[in-house]
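A lone chain, given as structure tokens: the form predicted on its own.
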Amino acid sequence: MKKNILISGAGLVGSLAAVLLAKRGHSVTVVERRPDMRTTSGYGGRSINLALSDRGWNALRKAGVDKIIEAIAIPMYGRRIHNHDGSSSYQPYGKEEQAIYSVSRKEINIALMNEAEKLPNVTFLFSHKTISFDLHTMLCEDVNGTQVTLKADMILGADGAFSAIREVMQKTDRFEYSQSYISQGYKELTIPAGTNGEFQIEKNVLHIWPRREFMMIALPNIDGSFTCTLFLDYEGDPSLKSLNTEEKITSFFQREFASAIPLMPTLVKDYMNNPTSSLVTVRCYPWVYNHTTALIGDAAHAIVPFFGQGMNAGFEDCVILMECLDEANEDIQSALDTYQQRRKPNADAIADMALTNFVEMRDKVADPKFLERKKIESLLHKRFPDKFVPQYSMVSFSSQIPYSVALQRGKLQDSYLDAIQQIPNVGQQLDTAEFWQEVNQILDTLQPFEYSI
């Protein structure tokens, strides 16, 4: 039965949800407080590049838009670690053919909006902010202050970490909500393409300059440039606050990222002109109000970007919601209740893993013991694929393993890795029969994993 559905927010998740719901035959109206990014200069949202992995691709395939996104996505098969002394090393993400994909937030958003607008039962209302909602109506206001009341059978709050829909829900009894910021913020910087449009550094990797308390990363763009992001404390020395002159910025980068300096001719200008952005984790519950309104994406579970799963988790929300609608035969109340029960534990799990992965990226990726551990982990996965799957692979290279399972299995496997690394001189024994005999004894109590990659 055809339903009237309102979506607050025309970002990545809202636009994808519009495509999926419209293709089910529903009438969809998307309300967006910002102007249409396709007809205005600049981009009102965050412009940090995104990493698209298997969960995201699964959602895009179900929406029938994966081929369009492939044209603007660049595979990254591993990390290129840039050490302080100028040396570098490569760390593959998974098996040889496995990759995560660098995509521009703006370009993928535009592609999804274009696909949604091709459908006759999708309408976008730009420059309309959500004011309030109740059981079956939503009140919006345009830039002139004119208010519009829209009617709906279902309302989705896909309006980001500072959701207007969630703000209304927060005022209801027994609504649980928390937001927490890490001490670091970020600045977006640029490595431009070379004189002939070429990539100035290795194309198909995610570049990391880890410096323990802070780091810089770089993701490739289809025009040959790289979007760089500096993650640094807000306060202290060095910090985003202390780097407040051209001399201090230049000195800091020469000291910490000397190999990148020749590649960044607009470094100081970019640093001084680009905004400083914060990194927030949002947790809340319930996600459903009045049996007709639900939060989705960052509105329900904003996370820090260090596992590259924010977009992927939001896209997976859309997939799970569609599955719940299938199971409930389009009964909205039943579907939304199942959706929040199924997704909440997984949202909490990826939030925890994203915070943990920040420490890995900025600190551990250059540590010899960590590199030894990763090598052992890879060998275990090859030899015991039914027992040992790296947590990173569970998260990034599967659309079937729930985040909560990846978190718990990862913790369990970590305990076995701890035991293996206690073997004397383990780094020199990885190819010996004696080492594998000990490993077999250690892993004897580890039960086979029900999922495979």
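As the structure is a prediction and not an experimental result, all values here were calculated from the model. Heads up: residue numbers just count along the shown sequence, starting at 1.
Keep in mind that the form predicted together with a further copy of the same chain is not shown, yet the notes after this line are about it.
Between 289-297, 350-358, 165-173, 302-310, the stretch whose residues reach within 4.5 angstroms of a further copy of the same chain in the predicted complex through a non-hydrogen atom is 165-173.
a further copy of the same chain is not drawn, but in the predicted complex it has a heavy atom within 4.5 Å of residue 178. The closest heavy atom approach of residue 234 to a further copy of the same chain in the predicted complex falls within 4.5 Å. Mapping the unseen interface onto this chain, residue 182 counts among the residues with a heavy atom inside 4.5 Å of a further copy of the same chain in the predicted complex.
Using a 4.5 angstroms threshold between heavy atoms, residue 278 counts as touching a further copy of the same chain in the predicted complex.
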